[in-house]
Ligand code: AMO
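Here you get one chain, nothing else, as structure tokens; it is the form predicted on its own.
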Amino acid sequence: MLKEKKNELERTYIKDAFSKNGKVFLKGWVYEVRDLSKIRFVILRDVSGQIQTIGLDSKTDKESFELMKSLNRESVISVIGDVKESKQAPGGKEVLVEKIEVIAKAENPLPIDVSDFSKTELPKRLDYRFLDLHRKETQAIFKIQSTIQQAYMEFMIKEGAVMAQFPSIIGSSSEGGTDLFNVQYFEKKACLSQSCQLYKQMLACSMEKVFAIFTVWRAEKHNTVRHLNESRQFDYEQAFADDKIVMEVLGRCVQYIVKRVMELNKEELEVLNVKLKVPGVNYLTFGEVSEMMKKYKIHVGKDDLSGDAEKKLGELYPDTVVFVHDWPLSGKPFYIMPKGKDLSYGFDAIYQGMEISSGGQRVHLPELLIERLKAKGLNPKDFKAYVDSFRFGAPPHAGWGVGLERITMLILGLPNIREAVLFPRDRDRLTP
């Protein structure tokens, strides 16, 4: 048995092996095996990279040399050997194998292709997501997504915002509508939250700047490449703010996130063949966009932008966060502040041809809030605790939400949002 003991060999990550000479102790997955009779090669991969290991009939432990020709791809092994210079080996170095041990054998054949040139279709890959995560491209996506989350938190902390956790089981709809996942909560009926909207507003009215990474559930029966039924959302809310203030914060936030990905994920971007630019920011009214789209004969709804309109904005303003503000009141939820009779202080943010955020200034006046609830066909009694929270010194406030999977998809140019979810939940998928 190969064991890590004190004062003996400690594990070396493959990336670090390239800067060493002498003996190393590697652990990882078998990526490829080649048998040339007297010489055998095993390409070993771990989370940091891959390296060629070579077994020689004359120098490698006999049992280990025999084992090298029968290893299944994706089996987990440990290798003790010496790092040597090699002009033929990828990266200029290889490991001359002294001893190999199988830690966990992978069954053969594999149910999906996990090579760099895999042609396995996405639905099958998702069926075996735990194995698909062995792929270099898949790992690159989620390493970048990890950076996106960390960058969001870094930015918010620098802004002086407080991170918060909000309940996912609630007594009534967060935003109106009937597309909810209902649950039995002891003797009461409850539902999974569509949004932490109402709670982050309550908190902002005391702590001024708040943010969260919140899981949301939406029961819409859609099957598109851009929607999920369970997703993660970046939420932000700020007191003493209007729509313009929080749009400016969101623009800087997206710029910071993209910049950090460019700084920290150079290797992963190269693996995915993605070239990024820090986006600019542009502001247009809903009316201006409507007129603009007429020139291109693209349909724009009375109170919403079509997918074609969003795509066109991405073409007209590449690498730009386009804020579409002065949104029609009828197209925004009850909690968005009216701006006259027909418009609102609501906005959407479009990036790379798709909506990444919806936000705006909120209604902080209880009587106006009741009026807006009724206008949307909702019962104010169902929102009593929320309405009452604004009766005791609630300042004007505004905020937004950004879908984590959506922004990951757009930053990386992925064709399907499910590529940006570890274990997607949609209308048809509940496992793994």
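All of these numbers come straight from a predicted model, not from anything done at the bench. All residue numbers are counted from 1 along the displayed sequence.
Not pictured, yet referred to below: the form predicted together with the named molecule.
With the partner omitted here, the stretch from 110-118, 298-306, 86-94, 217-225 that lies within 4.5 Å of the named molecule by heavy atoms in the predicted complex is 217-225. At a distance of at most 4.5 angstroms from the named molecule in the predicted complex, none of the three residues Val33, Gly55 and Glu66 contributes a non-hydrogen atom. Interface membership of Leu412, defined by any non-hydrogen atom within 4.5 Å of the named molecule in the predicted complex, is ruled out. Heavy atoms of Gln145 never reach within 4.5 Å of the named molecule in the predicted complex, leaving it off the interface. In the predicted complex, at least one heavy atom of Glu355 sits within 4.5 Å of the named molecule.
For Gly81, no non-hydrogen atom is located within 4.5 Å of the named molecule in the predicted complex, even though that partner is not displayed. Comment: the named molecule is not present in this chain, but in the predicted complex one of Thr320, Asn265, Gln197, Ser290 has a heavy atom within 4.5 Å of it, namely Gln197. Contact with the named molecule in the predicted complex, judged by any heavy atom within 4.5 Å, is made by just one of Val363, Leu26, Ile51, Val402: Val402.
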